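Presented below, as structure tokens, is a lone chain in the form predicted on its own.
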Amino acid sequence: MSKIGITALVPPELIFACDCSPLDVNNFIPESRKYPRNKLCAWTAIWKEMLIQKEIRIESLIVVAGGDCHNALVDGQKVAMSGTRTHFFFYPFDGDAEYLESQLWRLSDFLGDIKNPDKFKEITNLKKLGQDMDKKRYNGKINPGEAFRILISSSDLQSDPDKFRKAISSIRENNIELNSRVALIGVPPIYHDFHDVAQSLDLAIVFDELPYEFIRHGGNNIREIARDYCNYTFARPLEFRINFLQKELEKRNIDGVIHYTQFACHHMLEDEVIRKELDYPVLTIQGDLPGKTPEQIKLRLEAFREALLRS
């Protein structure tokens, strides 16, 4: 089965249905020790170097060039110029489902066409398990950090639906005390221990914005997928995304919001609007290179928890 690298959210059900296996190259970054010499965003610069140097082994690469990451467009071209077979995938900013359907058919052609249509339903059912796990997390039945590690891997379903299913079933339910209920919005932190650090400071992260996008979209054929994924919030106007966030934060009874921004990411420019439009205490933090959560950020998280308790 061909291993297909993806740089952001690409419908994994379509990749599996084409008898290929997706591999989210971002999931190598937080645990890596690479510090690229030439970079804007460390996320894209590191996977670019790892792909060019064959430290990540793939047969082809799908670059999400229109959607949630602008830096990927250039770094993806550098990977393509190094000899990796590469396809550029574009989400519609206006949510045009017909346009997205045409993009999905082009992607299907790139992958060699649909050979195993039963995978659509299988992945749909797996995502329902992920949605159930997400509900248990914000209802205090599952450890927030453990849930995050499963949710972040749902972008590619760990490259193996059976492995992903076993990972979900391995999580044990407990009664978790959720004092300061926090939503983490923006791109996921580049620090591999961030959720554990937050939990140790009694900040219960019960919503991760981007990983939730991984499990909430689906469909049993290309037409259905196009009409669902066209509402992928990171690829839509900021107003559309904020309206969606307001509903999700209210549903989860959120006390405060952590907005994580990545150095040299265009999403940094959204912070002013997010702080204005979301009626919650907001802590904005910025990361750069992978590793452990810096002490400075730990202190800010601790101060944020104390502020939430006072409010």
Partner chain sequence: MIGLDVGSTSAKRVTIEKGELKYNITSSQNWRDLVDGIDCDEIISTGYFRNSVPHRASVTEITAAIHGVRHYFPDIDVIVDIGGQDTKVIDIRKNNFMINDKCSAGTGAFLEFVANYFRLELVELGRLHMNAKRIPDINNTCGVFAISEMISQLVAGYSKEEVIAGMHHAFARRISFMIPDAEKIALIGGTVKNEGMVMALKDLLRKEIFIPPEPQIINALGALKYYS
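Numbering follows the first chain given and starts at 1. As the structure is a computational prediction, the values presented were derived from the model and not from experiment.
Keep in mind the form predicted together with its partner chain is missing from the figure; the text below concerns it.
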Taking 4.5 angstroms as the heavy atom distance cut-off, pick the stretch from 27 to 35, 239 to 247, 276 to 284, 64 to 72 that is near its partner chain in the predicted complex. 276 to 284
M1 versus its partner chain, in the predicted complex: is there a non-hydrogen atom within 4.5 Å? no
Under a 4.5 Å heavy atom criterion, is K292 part of the interface with its partner chain in the predicted complex? no
Partner proximity in the predicted complex: D19 to its partner chain, non-hydrogen atom cutoff 4.5 Å: no
